[in-house]
Each structure stands twice: as C-alpha cells, then as structure tokens.
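Here you get one chain, nothing else, as structure tokens; it is the form predicted on its own.
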Amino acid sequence: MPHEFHLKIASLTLKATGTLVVYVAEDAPPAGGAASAWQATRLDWARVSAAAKFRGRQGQALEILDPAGLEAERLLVLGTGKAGQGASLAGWADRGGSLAAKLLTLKVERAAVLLDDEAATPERVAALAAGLRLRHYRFDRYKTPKKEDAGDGVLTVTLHVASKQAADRAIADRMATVDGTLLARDLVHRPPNELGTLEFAAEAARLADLGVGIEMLDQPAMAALGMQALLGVARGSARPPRLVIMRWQGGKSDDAPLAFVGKGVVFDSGGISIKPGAGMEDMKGDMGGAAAVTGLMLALATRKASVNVVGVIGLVENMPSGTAMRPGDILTAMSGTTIEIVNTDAEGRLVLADALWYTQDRFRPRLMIDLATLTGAIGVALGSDHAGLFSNDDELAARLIAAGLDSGEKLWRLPMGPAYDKLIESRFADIKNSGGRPAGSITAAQFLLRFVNDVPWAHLDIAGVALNSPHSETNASWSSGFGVAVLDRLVRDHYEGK
C-alpha cells in the first residue's frame, strides 16, 4: 500500500495514465470532463449505470477497467450525491478523504482527477486536496515493512482543474493547515518513552526556523513566578516541566495578540489517584491540546498569517512517587488562588490554571482559547462527533461554532453558571480541583474560568475527539489532530489583517 503522497495540479486533459477519476451527481448523466471521458469509452451510460445499480449517490463508485478510448488503466466514476449537496468546504474535504480511501483500497499508485465543474472553485479544490492528504496519513514509523508492501510505495494524484494558477495558490494556503494537523497527529502518536517534556519542547522549538519566537520557562523560573499549581502536577515525575511560549508576529507591532493555550501532559498515570490499568497506554495522548496549539502555530507561520499570535503550552508528566502531590494537599496558583487537591487525576486544569493566568497577565491578549483533553465526561456527553465548548463571550463562542462547521471540526456549547461554580467550593481552600462526577466537564470549565480575568475566553474540551475516535472520511488514524483546522479557520475569518 502506498505510504508516500505526491499531489500535482494540471490543466484539463483526458490524456492521463493510471486511474482516471470523474464525478457524477445523483440521478444525472456525466457532465463536462466526465461526459467526455465516458463518451471516449463508447459505452452506453444508461445501460452500464443501471446494470451496476449506480445512481451517483454519495459514496457510490463505478469502475471500468482498461477503458477503450482512454489511455487510463481504469476509469473510476464516483457519486457526489444530489446536486448542491456536499458544497461546503468540509464536504469537499470529505470528498477528498473518501477518494483517498478508495485509491488506497485499490492499491492505486497514479491517479488523475477531473475537476472542471463550476462548483470546483479553487478553495473547494484545495479542500478536496486537503482531504486526500489527511486520509492518506499513516503513523507507521515503528512498524517493520511487510513483504506485500514492497515497491516504490508512492501515491501520486494529479488534479486537473480549470485554473491551475488559482488552484495552486489555494492549495498551498490550505496545505499549511494540513501540515499543522499532521504535526499534531504525529506528536500525539509518539510513544511516551520517546516524547517527554523536553522532547516535546524541542519539537516546538523547531518552529523557530519559520520565524516563530520561542521562549521556555524551566522549573526555577516557574517557581519564581509562583506557578505551584502546574509544578504540583510535575512533582511526581523525574521529567522536568517546561512552559513553552511561541510567538508569531504577523500583524502590527502594537496589536494585542490572539492567545492559544494547550494542556501538555505527556503521560498521565493519574498520579496518586492512579488510573485503572486498562487503556492507560492511551494516556500518552493527554497532550493533545498542546499538540494542537503547536500545530496551529506551524500553520500560521507557514502561511504567514497577518496577525499576532502567542501559543503557550504547559508540559508536565503526572506520575505517582514519593514526591508526588497527594489528595488533601493545598497548592497556591500563580494568581494567588488556593486549590485543595481532592483528586490528583484532575491535573490538567492545574496546568492550565497557571498557563492561562500567565498568558493573560503577560500578553493582555484580544482573546484566549485553551484546548485540553480535560475530562472523560465530555465523551460521555458528546461522544466523538463534537468537542465541548465553554465560553464567557457569546460572540467568540458563535464564531467558534461557525468555524467548526466550516472546518469539519465541530463544537457544541455547554452551559456555565454560578450553580456549577458551587460544586468546586472547598472547605479548606478557595476552590478544589474536582467537583466529582456530576457535570464533570462543566465544573472543570468553571475551575478554569477563575484564571482568565475579563479576557474573552473559550475552553475546548477535546478529550472525545482528539484521540481514539472513530475513523472519519479524513482520518483513519488513532489521533485526529483536532483543533488546528477549527482555530485556523477562526483566525482566517475574523482576525487576520484586522
């Protein structure tokens, strides 16, 4: 099966070898380039489509091997559903993903795709190209190649479009976002023995090559700032904590930045409140929020986004040991808030508490969004189709929901309020780090709200969507890289150049 992916853009032509791919709408004959390709075969469309029970529904495929009149080895006709359906950018990305899945199943090495429909705007072609590359992704660097996979292992797809120059520009722009998503997937997939706090910090530092300013705070620097919440989580591990600050200056020098904050627990055993053994290996992915922030910074720097952005990730490991924090401990966060520890497995909010306070206090951002694989409760509430959204700002929340629909990374807003805040009141400190099982995702958000002051803020709980989620049209891997695409879309639509 091909594991290397090459994408090319060319002007319209039927002179293509390998597999020629055309699209047909539901209950409609082939049109445009698809009609020309079919006519070249001299086959009767009505008879063949009826015999194959092909109506052009979404996901349907009609395959003609060694078609007469064409240089191609195979003509692959794919259904797009009813005319007008799947017209969103997310729908076009899904179309590209399903095409990649079909080509991989057929073990195709060369394919040409005709995209001469009026609906195939440069931006939609770019979305299709993104879907192709996202679905083709595999994380197999630790697997020994199998004999049946021997060969050049390259899938080359050429998109034949009406305007090559416009498509080239749109695809280059969209591929920056894909690069960020794939970086996030790679980081989440890396095994915890190879990706600890220092190794993750080193990966983030590589963004300096793209013009991203990098700054790192070590344990003494964080202690001097009073970050005892974050440091409390790190106390049980031999791996030292890091707070990594990534800055992209694409706007005016005096513009306040957008701020994105990520939870980076490189492995979460639960600490003294240790997790059950079953499934604990998945806890290498508890840094999915930090991975998404790092991927987002890569995307913005690659496409030279015209906006100032700061990305902050708190990197720790949560382990049980003689030095680990205990249930009953009281920690003082950088803000001065005292926190009673009632469950050491509710550690991500402690990391974010200091990271959020530091970010809003130092950078005075226009807005602040954090991402975290924070609670199992969000998966119970929303499954793996939506991430949880919590916010203190209605306009920001509405913009995020719209960006989620456009990008295919969907969000669902959940309530917040004083009634939930009461659940984290402590007998011995200002607050406690867990309100128990009822409204678990909401009380976690209420906890974070204490550390954002009056900055427009949103919290994305991505525990149900960032890892171990069901396969989609654009993802067949364990990690989705969720968060990069929705935040990149938010920045594009509302904050660049403004």
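Numbering starts at 1 and follows the sequence shown. Every value quoted in this text rests on a predicted model; they were computed, and no experiment measured them.
Only in words, not in the display: the form predicted together with a small molecule, which the text now covers.
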{"item": "Per-stretch contact check against the small molecule in the predicted bound form, the hit in 301 to 309, 221 to 229, 424 to 432, 376 to 384 (non-hydrogen atom, 4.5 angstroms)", "value": "376 to 384"}
{"item": "Interface residue in the predicted bound form among Arg74, Lys102, Lys275, Lys164, criterion: non-hydrogen atom within 4.5 angstroms of the small molecule", "value": "Lys275"}
{"item": "One residue of Asn392, Thr156, Ser88, Asn343 in contact with the small molecule, assessed in the predicted bound form (non-hydrogen atom, 4.5 angstroms)", "value": "Asn343"}
{"item": "Contact flag, Asp286 vs the small molecule in the predicted bound form, heavy atom cut 4.5 Å", "value": "yes"}
{"item": "Any non-hydrogen atom of Leu460 within 4.5 angstroms of the small molecule in the predicted bound form", "value": "no"}
{"item": "Contact test in the predicted bound form: Ala445 vs the small molecule, heavy atoms, 4.5 Å", "value": "no"}
{"item": "The small molecule contact at Glu409 in the predicted bound form, heavy atom, 4.5 Å", "value": "no"}
{"item": "Within 4.5 Å of the small molecule in the predicted bound form, all of Lys263, Glu347 and Leu467 (non-hydrogen atom)", "value": "yes"}
